[in-house]
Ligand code: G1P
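Presented below, as structure tokens, is a lone chain in the form predicted on its own.
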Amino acid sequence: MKRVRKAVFPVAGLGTRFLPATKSIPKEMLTVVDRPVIQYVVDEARKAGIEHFIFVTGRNKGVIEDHFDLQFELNETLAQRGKTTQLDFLKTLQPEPGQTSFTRQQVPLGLGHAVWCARDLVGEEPFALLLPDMIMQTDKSCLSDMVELYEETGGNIIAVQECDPAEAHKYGIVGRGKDVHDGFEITGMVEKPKPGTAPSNLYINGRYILQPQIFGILAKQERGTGNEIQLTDAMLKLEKTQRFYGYHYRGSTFDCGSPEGFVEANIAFALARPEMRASVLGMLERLIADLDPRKAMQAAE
């Protein structure tokens, strides 16, 4: 069984929910506290032992490539000014030469198409897929636990979390079978099931380990929901010949693809920083105290 060495990051999305900011800044480069969203996701992959980071980009995404490149002028300036702490920290985030690859998704045909665009860079080996909109907050990375489960089971691994059953129609939902090691067998997958028909309340949270046979299926996959090539449709076909296992992640996940989730992530990660916690708590208390209760009630209605 080949180990998981490569990870794919689909970062070609337009980020329309963040306009006008994303006219000039890729949504993946919007900062949560003091680092871009994409940095959190890459850090998670690195903690899981990933050696090769593959970015599927689009137009106006060159700043992502620059972010993971060596910035000689910045490093030289920090060194000259004696800012060794900042310089050493930046070095810990710097991928080694040859560890990053970039390919273009010229047309927005969906997540399945973005994954297919990485086929030649992945090759004939299993790979991790991390959706950059979703960032995790936990002591141990979600992908690290998924890799450990994969080493026990092989096959394909999907990370899931619980949602309100009434909200299940908004997500991709999996059916839960018998427990296997620290995960469980997946008995089915449904993309945005009709209310009351979901097989569980376990939704797919944006982390996958997939076998390379998915590329052959995606190459012939017809367009589905939204007139796009859907990854879930391809996984349903792969499920007929390969096993899928679920990893039940119990940390916090923030959907930074929505303004509300992005704000929540900033607050949560700021509160997790000891040097910021007191001041942020104080700020939140002042803002809440300043709210007019009558206006708050009207907004809730």
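Note that the structure is predicted; figures quoted are calculated from it, not measured. Heads up: residue numbers just count along the shown sequence, starting at 1.
Absent from the display: the form predicted in complex with this ligand. The rest refers to it.
- Residues with any non-hydrogen atom within 4.5 angstroms of this ligand in the predicted bound form fall in just one of 120-128, 141-149, 225-233, 89-97: 225-233.
- Though the partner is left out of this view, Lys192 does reach within 4.5 Å of this ligand in the predicted bound form, counting heavy atoms only.
- For Met136, no non-hydrogen atom is located within 4.5 Å of this ligand in the predicted bound form, even though that partner is not displayed.
- At a distance threshold of 4.5 angstroms between non-hydrogen atoms, Leu111 is in contact with this ligand in the predicted bound form.
- When contacts are judged by a 4.5 Å heavy atom cut-off, Leu218 does not count as touching this ligand in the predicted bound form.
- Annotated contacts: Leu210, Pro212 and Phe244 are all free of this ligand in the predicted bound form [non-hydrogen atom within 4.5 angstroms].
- Interface residue among Ile204, Ala198, Ile186, Val115 relative to this ligand in the predicted bound form, by the heavy atom within 4.5 Å criterion: Ile204.
- In the predicted bound form, the residues of 153-173 lying within 4.5 Å of this ligand by at least one heavy atom are, in order, Tyr171, Gly172.
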